[in-house]
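A single chain comes next, written as structure tokens; it is the form predicted alone.
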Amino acid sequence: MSADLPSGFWSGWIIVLTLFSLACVAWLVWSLYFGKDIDEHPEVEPVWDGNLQEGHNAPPLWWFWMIFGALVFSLMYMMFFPALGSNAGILNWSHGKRLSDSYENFDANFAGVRAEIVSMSLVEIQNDLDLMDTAERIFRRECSVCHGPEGRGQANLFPNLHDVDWQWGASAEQIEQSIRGGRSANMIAWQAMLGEEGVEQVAEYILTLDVGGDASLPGQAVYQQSCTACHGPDGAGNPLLGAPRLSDDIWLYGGDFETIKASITNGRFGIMPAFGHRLDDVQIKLLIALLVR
């Protein structure tokens, strides 16, 4: 039990439970061995099931010593360790203090090495096989559940990190921002504004952006009016807004007509969670070195 309790109520409650439990055990021992004369028994002894007769033998003496030893151990433990609520005990030990001491020892032993890694350039880290092995282990532990063990994305929901088209940008600074602060996409639903016919026309036009866009399609006018603010007039996208490029063959949710139509109709709201509170500067630097191309 830790002495790091959130309020005085819980500290007092634990004290009451602990002392009450010890008192109950002490009363049980006293009642069994000292509370009555075991030689006194009624003249007529009750009998059950024909020949099952109540006995009057005392419990084995080793029971007494075992329970007595447990009581002594409990009292000693309560003196040295935090067993009575927020009382830290003579040794002033707690889980929180032990964890804090472990962090302090870790920082004292490895602060220099970690500072050196943070100050290294990405190229230097990429040329260090041991550091890159560490980066891969961090990726597998923290990132592979979404992006896959090899970082190639999966489920048409999580992007491939090996291609050249990154929704929020692939520079070291942009990758660091994505890891630290996370990303929240906001592709709104256009069904209500464009209608079914307008959605289909835009989807049809988007499929021609890889060859410059077919100006003869009716969806061009709708695209220019509703989509260029984010994706650009030529579908080049905008990493600052998280608007992906539409003029190549790299698609997160799928590039066929029906999937594009679904994206326009319902919108997309993918979330990349923030890892700034989970990973330290060294781990983030190693991940950047692993991911940047």
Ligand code: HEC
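Here the structure is a predicted model, which is why all the values come from computation and not from measurement. Residue numbers run from 1 along the displayed sequence.
Unshown form predicted in complex with the named molecule; subsequent notes refer to it.
Using a 4.5 angstroms cut-off on non-hydrogen atoms, would Leu279 count as touching the named molecule in the predicted bound form?
Heavy-atom contact with the named molecule at 4.5 Å: present for Leu279.
Is the gap between Ser263 and the named molecule in the predicted bound form 4.5 Å or less for some heavy atom pair?
Result yes; Ser263 sits at the interface with the named molecule in the predicted bound form.
Any non-hydrogen atom of Ile14 within 4.5 angstroms of the named molecule in the predicted bound form
Heavy-atom contact with the named molecule at 4.5 Å: absent for Ile14.
Taking the named molecule as it sits in the predicted bound form, is Leu32 in contact with it (heavy atom to heavy atom, 4.5 Å or less)?
Contact check for Leu32: no, nothing within 4.5 Å of the named molecule in the predicted bound form.
Only one of 72-80, 144-152, 112-120, 92-100 gets a heavy atom within 4.5 Å of the named molecule in the predicted bound form; which is it?
That would be stretch 144-152.
With the named molecule taken in the predicted bound form, which residues across 182-212 come within 4.5 angstroms through any non-hydrogen atom?
The stretch touches the partner through Ala185, Asn186, Met187, Trp190, Leu194, Val202, Ile206.
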